[in-house]
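Only one chain comes next, encoded as structure tokens, the form predicted on its own.
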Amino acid sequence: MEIRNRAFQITAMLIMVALAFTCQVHAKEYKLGLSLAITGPTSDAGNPYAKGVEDYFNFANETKILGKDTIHCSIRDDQYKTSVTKRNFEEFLDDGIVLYLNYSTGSTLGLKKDFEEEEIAVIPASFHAGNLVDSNYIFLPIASYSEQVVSLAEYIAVHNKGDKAKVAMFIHPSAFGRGPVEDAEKSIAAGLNIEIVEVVEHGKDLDSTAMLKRLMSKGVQYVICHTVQSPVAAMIKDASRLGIVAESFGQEGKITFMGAHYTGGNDLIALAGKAAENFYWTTSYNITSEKNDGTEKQLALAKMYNRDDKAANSHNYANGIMVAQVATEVIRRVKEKGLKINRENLYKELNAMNGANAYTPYTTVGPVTYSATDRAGVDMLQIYSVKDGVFRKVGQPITSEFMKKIK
């Protein structure tokens, strides 16, 4: 009897080992890559973005969103240097990635032909509309910078009191900054009732006193910013010192400051302090100063992975979470169909993410929709304004009417 029991125990152990081995064999790891500026220029955005990507993929693996399968996303710092980004991308390809997450406008434009040759879907952190020109494989997470800037211009046209509003644009000296200018001008030609008085590309010297006095002398009532937070913070602090910041939207004799995604958020308030009051800003992301189910989940994720308050409340942390959500969801959908997780099938599934198949992540104010003719993800934009030191919603989410006319 003892020998028989012993044999039974050994057989049971062998079966358990075999089952465990079988599970290991069948569990698959899907490789992705992300190259971005964790340090260097724009790291104030890239650092929390990287944390958002890392945390959501860890969450997806630990909660078994893909069952036994897991995602491994290699994250590398490129310090905002396109040459380093290209090297990182090539090494990711050698490692067998099935989907790629890029960062800057410059590197996305610079690697556009590589993405076409490799036939790999790419989700960048850049929302530059030019990324989509002559491209089949780039998918913007949210509405383009052009759509954001034109939406702000439309808001001005609707809410300005008096004659045609006089507007200046304060932009980054790069393709990233210049991108929306042409579309704003096209919208004016199509009937948008504003006048662009001047377009200013800021330099490294961030003293804006002379520029602001010049804009005031030209009767400028609004400045739409399209750059990153630090130059905007420096400018509005100078404007506050000069006493020219509008206390209400369109206040006569003052300037109302506005900006697209990378100009705003809690980082702007931290940099500018009280000078940020009444700054108007647009993005497609939920922000944690507005409590809802999505922002509660964002804060819970940050807490789960021991992120500090600055990262947890950053809209760029939300941005990173969102691209990881989209990547995870498209892998899940392909897997659910019983298809192989490869570049081709992921690309096809992204293009099918529309209509009843739209995807709604908790990080955004609207659903993600892609198709063969529409590769800008979230079409909805929310305008926020700083009130009593925090960003608050202004109205309901919107879409640009003039971008539809000029496309």
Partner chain sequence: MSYFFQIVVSGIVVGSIYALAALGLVLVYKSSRVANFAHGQLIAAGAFIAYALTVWAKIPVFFSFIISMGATFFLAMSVEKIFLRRLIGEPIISVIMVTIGLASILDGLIYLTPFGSENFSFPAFLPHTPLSYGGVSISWTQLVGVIVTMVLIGGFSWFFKKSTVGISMRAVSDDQFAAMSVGISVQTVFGLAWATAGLSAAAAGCIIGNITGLNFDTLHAFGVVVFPVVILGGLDSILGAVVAGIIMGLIQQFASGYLDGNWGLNGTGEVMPYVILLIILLFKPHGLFGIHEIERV
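Positions refer to the first chain, counted from 1. Computed from a predicted model, the values in this text were never measured in an experiment.
The following text describes the form predicted together with the partner chain, which does not appear among the structures shown.
In summary, the region of this chain contacting the partner chain in the predicted bound form, judged by heavy atoms within 4.5 Å and restricted to 282 to 290, 214 to 222, 253 to 261, 122 to 130, corresponds to 214 to 222. With the partner omitted from this view, the residue of M304, A270, V158, A190 that lies near the partner chain in the predicted bound form is A270 [heavy atom within 4.5 Å].
This chain appears without its partner; in the predicted bound form, the one residue of N354, S43, T70, N345 with a heavy atom within 4.5 Å of the partner chain is S43.
In the predicted bound form, the partner chain sits beyond 4.5 Å of every heavy atom of K337.
Using a 4.5 Å cutoff between non-hydrogen atoms, T209 counts as a contact of the partner chain in the predicted bound form.
At the 4.5 Å threshold, heavy atoms of N47 reach the partner chain in the predicted bound form. Heavy atoms of K164 never reach within 4.5 Å of the partner chain in the predicted bound form, leaving it off the interface.
Residues of 187 to 208 that come within 4.5 Å of the partner chain in the predicted bound form, judged by any heavy atom, are E198, V199, V200, E201, G203, K204, D205, L206, D207 in sequence order.
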